[in-house]
Every structure is written in C-alpha cells, then in structure tokens.
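This document starts with one chain, in the form predicted on its own, laid out as structure tokens.
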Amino acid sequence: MLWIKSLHVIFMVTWFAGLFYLPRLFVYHAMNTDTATSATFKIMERKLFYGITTPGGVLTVVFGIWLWLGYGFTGTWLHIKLALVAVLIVFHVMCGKYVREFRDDRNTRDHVYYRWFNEVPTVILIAVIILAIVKPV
C-alpha cells in the first residue's frame, strides 16, 4: 500500500502544480493585449491543463480511492477532506472552462478576478494536508 500512497502523493503534487500555475497564466493572459503573446498563452494553458493538470487530477483521485478501499479510512476528517476534494474538482472544471474561453477569445474577467481565483487551491491544499496528517476531527 505504500506504493499506492506514494503514487497518490506524486500525482497530487502534479495536480496542484497545474492548479497553482494555470490561474497565474490566466492573470497574465487577462492583462495581455498582444495577439502573438495571447496565442502563446493559449498553447501554454492548453498543454498545462490537458497534458499535466488533468492527468494529475484523475490519477490523484484513482489512487486516493484505492487507498480508501485498502485502508478503510473513516472519521469526520475524511468527510471534510473528501468535501474539499470535491470543491477542488469543481475548481479544476472551472479552469477547463476558462481555458476554453481564452482559446475562443471570450474571456470577460479581468486579472484581479484571476488573482483571487488563484488563491483557492492554496487554501484547500493547506486544509487537506492538515486533515490527512493531523486528523484533528
């Protein structure tokens, strides 16, 4: 089971790397007015979302379920953690929506919105790590 736990953590780090960097790209993209630079951002966002972030998220969930079934975790901490993972999945889906909006030149949000949006995965990561390690409830 330690191999499964290791893979879960590896893919969680990969997923979060994408969820930290992608909204930062949105900030810069929203501030940009140059067509050539915008095209570069579109490529970076697409590759990051579909090539790194989404596979990382899917594999994090797969290995997380495997751990859950193998160890049979229970407790309030797990319910809270799973709720936060559900919020993170919604955040991930929203990132995909924003990637498509930028791709189609339909973004209507400014860089300030994306700066705030960028903070969501940080708060969730802190809470999930504390819940998984400390199990306070």
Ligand code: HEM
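Sequential numbering from 1, following the sequence displayed. Everything numeric in this text was worked out from a predicted model, so none of it was measured.
Unshown form predicted together with this ligand; subsequent notes refer to it.
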property	result
Heavy atom distance at most 4.5 Å to this ligand in the predicted bound form, all of Ala17, Lys42 and Arg100	no
Exercise: Lys81 in contact with this ligand in the predicted bound form, heavy atom 4.5 Å	yes
Non-hydrogen atom contact Thr60 with this ligand in the predicted bound form at 4.5 angstroms	yes
Distance check, Phe49 to this ligand in the predicted bound form, heavy atom within 4.5 Å	no
Tyr71, heavy atom within 4.5 angstroms of this ligand in the predicted bound form	yes
This ligand: the contacting residue among Met94, Leu67, Met31, Val87 in the predicted bound form [heavy atom, 4.5 Å]	Leu67
Sequence-ordered list of residues in 98 to 137 near this ligand in the predicted bound form, where near means a heavy atom within 4.5 Å	Leu125, Val128, Ile129, Ala132, Ile133, Lys135
